[in-house]
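Only one chain comes next, encoded as structure tokens, the form predicted alone.
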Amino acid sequence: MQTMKALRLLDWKSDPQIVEVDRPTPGPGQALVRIGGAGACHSDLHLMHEFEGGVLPWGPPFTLGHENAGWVEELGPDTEASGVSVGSAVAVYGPWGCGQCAMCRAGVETYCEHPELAPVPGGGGGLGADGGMAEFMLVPAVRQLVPLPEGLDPAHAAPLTDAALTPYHAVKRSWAKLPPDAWAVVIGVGGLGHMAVQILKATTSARIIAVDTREEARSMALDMGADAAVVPGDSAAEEIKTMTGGLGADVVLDFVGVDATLALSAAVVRVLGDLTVVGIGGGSYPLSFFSIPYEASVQTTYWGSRPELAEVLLLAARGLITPKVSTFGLDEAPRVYEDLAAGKIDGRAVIVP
């Protein structure tokens, strides 16, 4: 049996370790992908340090990395009609559902209606099942592979599978509220937020306000198309209200999700606006008749659909969105997560095994 290196989370509330594991072999309907890039996501830090047994329907040990792209190394039996061939450059759609329910058939496996039938109930590669921070990754169904458009390399495609797909889904569901006279607020210009600014710029004509504590993040947002950048604090809501003519923002996207950002979101969303919470910071905000403007919609989103991933990859291939990527070797991955936790990573860190 051949072996390979992998960055694995061996237990809850622990740091991941690089260990030797067996190289997987694809079975019927499966594919083995040689990894060309695996994104390091802030949500991995929650997995490492905040969760414990019983919180999720799956758990350690597993290989990290839920943002993945590479090349098809080997195909198992019963994959002849998949349209995927050995050597093809592909992105891996991260959430893995049952493949049979209405949601999965529509490509929205994030909201699988029978997760107990999925390879990992409620999870996916790098989320209970072995992910892409290894030389090779086993993908349990070839439908999870999305071909890369010409000119898009795996190292830059990998973060698009979450860091771009997640904000794309959140923005797309609010397109009707983003005409040319609209305002959109992006709170948190990190791995997902810096893509949200670009997606808003590429797919709408709305004016964009970015909010972040870090000067470099605000500067990056302006370079990527934001019309204004605001420092969070006591005057932030008033500043945003002034910019929007006293009306507030038509769409607010909170990529942080702590008490303070939720309160800011509620303070600046407009009547009939959308307030979408994407960040899993664990915050809360009291919902009552007078706590948010009339008919403002509050929702959470989780990831995006497989068809939306194909759309995101096309946007990137056309140069309309570009993730800010820093690449690192697999041996550097533990340090990358330390830097991510310390706020030292701008954009997205991508591990290239």
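Residue numbers run from 1 along the displayed sequence. None of these values were measured; they are calculated from a predicted model.
We do not show the form predicted in complex with nicotinamide-adenine-dinucleotide, though everything after this point is about it.
Chemist: Do Phe62 and nicotinamide-adenine-dinucleotide share at least one heavy atom pair within 4.5 Å in the model of the complex?
Modeler: The answer is no: Phe62 has no heavy atom within 4.5 Å of nicotinamide-adenine-dinucleotide.
Chemist: Consider Gly188 of the chain shown here, and say whether it contacts nicotinamide-adenine-dinucleotide in the model of the complex, taking contact as heavy atoms within 4.5 Å.
Modeler: Gly188 belongs to the contact set for nicotinamide-adenine-dinucleotide.
Chemist: Hey, in the model of the complex, does Tyr93 get a heavy atom within 4.5 angstroms of nicotinamide-adenine-dinucleotide?
Modeler: Flag for Tyr93 set to no.
Chemist: Determine whether any heavy atom of Val211 comes within 4.5 Å of a heavy atom of nicotinamide-adenine-dinucleotide in the model of the complex, and answer yes or no.
Modeler: So Val211 counts as contacting nicotinamide-adenine-dinucleotide.
Chemist: Name the single residue among Leu192, Met137, Cys104, Leu145 that comes within 4.5 Å of nicotinamide-adenine-dinucleotide in the model of the complex, judging by heavy atoms.
Modeler: In short, Leu192.
Chemist: Have a look at Ser297, Thr322, Thr301, Ser326 for me and say which one sits with a heavy atom within 4.5 Å of nicotinamide-adenine-dinucleotide in the model of the complex.
Modeler: Partner contact (heavy atom, 4.5 Å) among the options: Thr301.
Chemist: Heavy atoms within 4.5 Å of nicotinamide-adenine-dinucleotide in the model of the complex: which of the stretches 234 to 242, 212 to 220, 112 to 120, 173 to 181 has them?
Modeler: After filtering at 4.5 Å, what remains is 212 to 220.
Chemist: Would nicotinamide-adenine-dinucleotide be touched by all three of Ala69, Ala89 and Val312 in the model of the complex, meaning a heavy atom each within 4.5 Å?
Modeler: Not one of the three qualifies.
Chemist: Within 253 to 275, which residues have a heavy atom closer than or equal to 4.5 Å from nicotinamide-adenine-dinucleotide in the model of the complex?
Modeler: Residues within 4.5 Å: Phe255, Val256, Val258, Thr261.
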